[in-house]
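Below you will find one chain, with nothing else, as structure tokens; this is the form predicted on its own, and questions on how it binds or moves follow later.
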């Protein structure tokens, strides 16, 4: 998911009300993606933009709330104030957006649209006027300094980053607190990257190629200078291009599928990596996914990209068990394992609010179970690529070391290992193994 500059198709007061309610659901433990999926098409863009920025600026927003509201307000009021203050902070950082008086006025109107906040109009008005003088001061007065690390992280998460990346952790947090760029993968079956970049240029959409990442050449990656809705991308609905992070595009390249090979994408939804593998070669593909709700997204992506064929099967099944397997081994297996998703916070800023420290151990055991089963289904001389979108070593290098120690016939090949988040990619981990003998 990639948020864009705030669209204005929905009245701001109504959008702020919906965004504040969405934040409440995240704090109660619900995925923001699930919440946003329930919105109407005209509601989602602006609400997504507001909620993303609110979660990214959570720490700084609450410093301001505490400064002007000594006694913590009820959650509904707190979340509305957080949405409004995030709008101030975003306008302060990029010089665009809404005027201060508009944000205050629309936040006060928003109070009337949700019963739990009706009584708080006076407080919301007073607090936001004080905040506006700090964040958007009169001409010539000193602006409130933006905080590049204003994203919430649980103490255990922050401690892990400091321990494992003592020189890089602050740069990681600054990067993950920014709006994620929109990166495309050109469908090589339809266009070369140069050809599609020309189409973008004709449509007035500036872009630049991402030539390589972690020393690996990328032939299909394009970075848009400014995000646009996918409906504006030339040929999107006829399969010319997909939205996919540069780090994620390494998976299919590293596995290097060849025509006629039998390939398994063991945890396939929503199907981006499955599609990329099929764009690169006419292989016999099995896309496996346990989550029935997400299974349909794989087929939808393959349909849009025109990649369905008799050689492609989409199956619902548990990758840690063999019940779904027909017993025929695979030449190559992509295992994009369930993980904390700590590497993709820039695209999913609700993740730090949803994760608990105990989740890491639970996920680690799940990853090991899937790795063990996948190895049994791999042909001798076959390749297994282990991937997570995590920056925690417990889900990355520790797992690769464990796996090599447990399987004497696993030969570890060259792969990037841990890739940290940057301005053009999310955080990923890659380990590649070759099976030597039974």
Ligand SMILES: C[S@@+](CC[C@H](N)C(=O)[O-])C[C@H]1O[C@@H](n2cnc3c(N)ncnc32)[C@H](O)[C@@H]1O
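These numbers come from a predicted model, not from an experiment. Residue numbers count along the first chain shown, from 1.
Beyond what is shown, the protein has a form predicted in complex with the ligand; the following relates to that form.
Contact check for residue 360: every heavy atom lies farther than 4.5 Å from the ligand in the predicted complex. By the criterion of a heavy atom within 4.5 Å, residue 246 is excluded from the residues contacting the ligand in the predicted complex. With a 4.5 Å cutoff on heavy atoms, residue 158 does not count as touching the ligand in the predicted complex; it lies far away. Using a 4.5 angstroms limit between non-hydrogen atoms, residue 113 is distant from the ligand in the predicted complex.
For the options 291, 211, 256, 232, the one in contact with the ligand in the predicted complex, meaning a heavy atom within 4.5 Å, is 291. Residue in contact with the ligand in the predicted complex (any heavy atom within 4.5 Å), chosen from 250, 267, 86, 307: 267. Contact check for 271, 320 and 336: all three have a heavy atom within 4.5 Å of the ligand in the predicted complex. Here the chain stands by itself, but in the predicted complex one stretch of 352 to 360, 127 to 135, 283 to 291, 175 to 183, 283 to 291, has heavy atoms within 4.5 Å of the ligand.
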